[in-house]
Structures are given as structure tokens and as C-alpha cells.
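Quick setup: one chain, the form predicted on its own, written in C-alpha cells, and binding and motion questions come after.
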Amino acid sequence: MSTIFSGSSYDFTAYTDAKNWIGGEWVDAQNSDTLDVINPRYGRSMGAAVMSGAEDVAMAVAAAKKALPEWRERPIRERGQVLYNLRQLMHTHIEELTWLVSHENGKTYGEAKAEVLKAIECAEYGCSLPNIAAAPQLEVSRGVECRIVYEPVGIVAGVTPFNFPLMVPLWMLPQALVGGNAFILKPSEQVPLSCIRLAELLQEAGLPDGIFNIINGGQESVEALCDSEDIDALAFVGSTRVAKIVYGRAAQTGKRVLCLGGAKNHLIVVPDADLELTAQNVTASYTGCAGQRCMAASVLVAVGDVDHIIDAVVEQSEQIKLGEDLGAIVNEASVERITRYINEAESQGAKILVDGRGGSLEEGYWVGPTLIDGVSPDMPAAKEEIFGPVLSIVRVNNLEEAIELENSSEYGNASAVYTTSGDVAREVMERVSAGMCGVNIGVPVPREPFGFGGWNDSKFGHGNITGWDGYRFWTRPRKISSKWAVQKDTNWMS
């Protein structure tokens, strides 16, 4: 099948069907079930994805098991070279990858390109691992040396979401592959197409067949990955509800598991915040990627009199154009869910300052920027993850109330404060219950080598999914103590 994506504009472009990638070949699933892959900008199918089951997962495991011994025996520098090659290929194909992400996900061109560039940055971190992962060694006693060697876990798997079809798989793959593992990826059934190109680019980069496999499908394929006793580690990124289920089910087989869930991120705005910086940053935070990202702002905590800043956010939000500045919503059901939250808040007495309901182009799925003022902390719009371009404004009297509101959330993914006061920034950074925090930055995503991961119900498992923590998740340390001669002095190690 032809896998070169020919689209080079927003014009609708059909693509290929998403089959399973097993042992370096595209293969059909064992059943005939498929799901249309919809371009959200048009609401039209670009192709169909196979819906795999346990038999397909078993085939991928068999291919991985066959390929693994040779791969894990390669020196880490040779494994890392594949990531160097992948990085170059991604740069070569950056326009193709950008438009493919845009078409299957609904992002604007600029947002899609930013995703591809971040994915390349993740690959670059994989290039660095042969140096970073150099084994520590120390003479701990006379004639006795201890060292650590990071060994691969074995066959591992990742389950990734719809909102970043290329970037999130590359949160996992560089560390796992350079660590010497074989990887099985289950991308979101809504956006499996970018991974088609990723699979072939990895093959072109020199990755042996069977070391990277793709299983397309839905719940049945995820359950099979969780239940397989041949899979030694699994990472998941998605909603908190599913993250809890996956974490519990996968852990029952004894595999190591790390699951990232949802978010309800708070932006605390105090009166001394810089007007221009704050208005631009807040607007970008809640509307970027149409609010369909776990780092998006969803609650603006207005401390005291910050109406001048809210007015500026309203003005900038009203200037955003659908299709140009704001991408599409992933599907019709999501549009209905987002709209329901807005309707409910309004019916409970909140005031709609900017109304994105009914905003649409001729085709596709759209919700415009929406600002809701007068939201009380007990409203669903203030507590639950909406996952759309909606910002709820909750007003409080002081910083103490703002921090209490933030910390009352069951989530703990991200939090930010807008201020020109170092003391206020320090107070918030030390006290909010969130794993990723920003000062005058509304999307505080840690860039490599810093790890991505929240707290509380935004994460289940230990460590972060990117950076050095990610490498340690996909490997296990072997501690080796050596002694080669009898020493004159003695201690307990003698």
C-alpha cells in the first residue's frame, strides 16, 4: 500500500487504511471489523483502521520475541544510531508529517508543525542516551568495585491518545528502543495514521523488523496488551477513568505500569500580573489545540480585581478565527459534550463572556473560544475535564483562597500563576498540588531532558514518562560488585 501522504494544504485528502504493523509488514487483523478515521475539519473519512483483538496482540508479541535477542545484544551506541537516523528522516519529511497530523487530528498547520518539532526533540533525547546512560562505577572498598548497568525490560507496550498522534508515541519510543526493548504501540483508533509513517521511517532508519510493532484497535486490543504475560511493561496516556482501569488491570500480570490521566489545570491571576503577557498567554493556553490537551488551561482563578486582564482575554478571544487560529474538535460527540458543559454552567447562573457554541464552518466539528465568568467551585465546569476551548473563571478574594481552590481538585497535572512578584510566585510554586507548574507560562510543559508527569489523579505509577525517568522506566538496573585480588586489609565485604 502507498503510505506517502500527498496533502499539502487544508484541502481534504484521503489516505490509506491503517493495518497492523507486525514484523516489518502491514497485515490485516484477524477479524474484519474496521473504524473510519475521520478528518475533523471535514467530518469525512480518510481511511479505515482495523480493530484488533487478542490474536493480533499475540502475533505482535511473537514477532517482538523473535527479534528481541539480537537487538538487545547490540551496543547501546548502535541502538542510538537508529534515533539519529530517525531524527534526520523526520526533518526531511517534516511537511508531510505536519499535514498528516493536521488532517487526522484537526489541528491548525502551526500546531501540527509544533507537534512534529516536539516529536523530533524527543527523538533527539534518544540520541543522547548512549552518553547519559553511561554506567556509574565506583571503588567502594579497597579492591572492590560496584557498577550499574541498565538492562532492557523485554517486550513493552504503549497506548497513546488522539490529541498528539505523533508526539506522545515519541515520548516513549526513544527511551524504550535505545534501552534495548521491543515495542508494541496501540495508537488511538481515532488517529492511527501518523504512526503509519512513523513505522516506515523507523524501518528506513535501520530498526530491525519486529522491534517496533503497531496494533490498531480499541478496548479489546488494550485489554489484550494489559493481560499478556509476555509484555513486561506498559505505559498509557489518556483519560483518568481509563488510566485507573489500565493501571489496575495491567499490574495484575506483574508488569510495570505508568499511566497518565486527565487534568483540570488552574491559572491563578493576581492584580499585579503583566497585562499584555498574561492576556496573550492565558488565551493561547486555553485555545491552543482547541483545548484538547492535558496541559490546557481550564480554570482562571481571578484573585481580587483583575477585570482589566479578563477584558483583554475577552478581546483576544473574540479575534480568534475558526479554521485559521483554532483547529477542529476531534469528533461530533466531543462537540456535544463541550457544549453541554457550557449550557449547564449558563443554566446555573454563570455568565458567558465569549460564546463559542454554534461556531462552525461549512463542514466538520467546531467549538469556538468560550469564556465563562461567575463559575462557582461546585459547578461541573469548574471541576470536570471539559477538553475543549473553554475557560471557566472562578473569582476569589485572596491568594490563600486561590491555592485552596487549586488543591481541592482531584487532579494535579499542571498549575500556573501570573504575577510580577517573586514572593507570590514562590508561594504558589511551593504550595500548589501539581506536578508541572509555571510562572507566567500557561502551558508549563517540561522540555527534554526534564520529565513529563503530573500528580494525584493525573498519574498512576512512579516517575515521569519522558526524560531520564522514562529511560529508567523502560530499563532495570543490574548492580555488579567485582573483586579480583585478595587485599591485605579486611572489612565486612571481605
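Numbers for residues come from their place in the sequence shown, where the first is 1. Quantities reported herein were computed from a predicted structural model and do not represent experimental measurements.
The form predicted in complex with nicotinamide-adenine-dinucleotide is left out here; the points below concern that form.
Taking the partner from the other structure, nicotinamide-adenine-dinucleotide in the predicted complex has no heavy atom within 4.5 Å of any heavy atom of residue 373. Within 4.5 Å of some heavy atom of nicotinamide-adenine-dinucleotide in the predicted complex lies at least one heavy atom of residue 236. Residue 219 belongs to the set of residues with a heavy atom inside 4.5 Å of nicotinamide-adenine-dinucleotide in the predicted complex. Heavy atoms of residue 242 reach within 4.5 Å of nicotinamide-adenine-dinucleotide in the predicted complex, making it an interface residue. Considering nicotinamide-adenine-dinucleotide in the predicted complex, the lone stretch of 279 to 287, 250 to 258, 187 to 195, 75 to 83 in range is 187 to 195 [heavy atom distance within 4.5 Å]. The candidate spot formed by 109, 317 and 366 is out of contact with nicotinamide-adenine-dinucleotide in the predicted complex: none of the three has a heavy atom within 4.5 Å. The single contact residue among 392, 98, 181, 163, judged by any heavy atom lying within 4.5 Å of nicotinamide-adenine-dinucleotide in the predicted complex, is 163. Checked against nicotinamide-adenine-dinucleotide in the predicted complex, the candidates 466, 39, 52, 458 yield a single residue with a heavy atom inside 4.5 Å, and that residue is 458. Shown here without nicotinamide-adenine-dinucleotide, the chain has only 294 in 290 to 319 lying with a heavy atom within 4.5 Å of that partner in the predicted complex.
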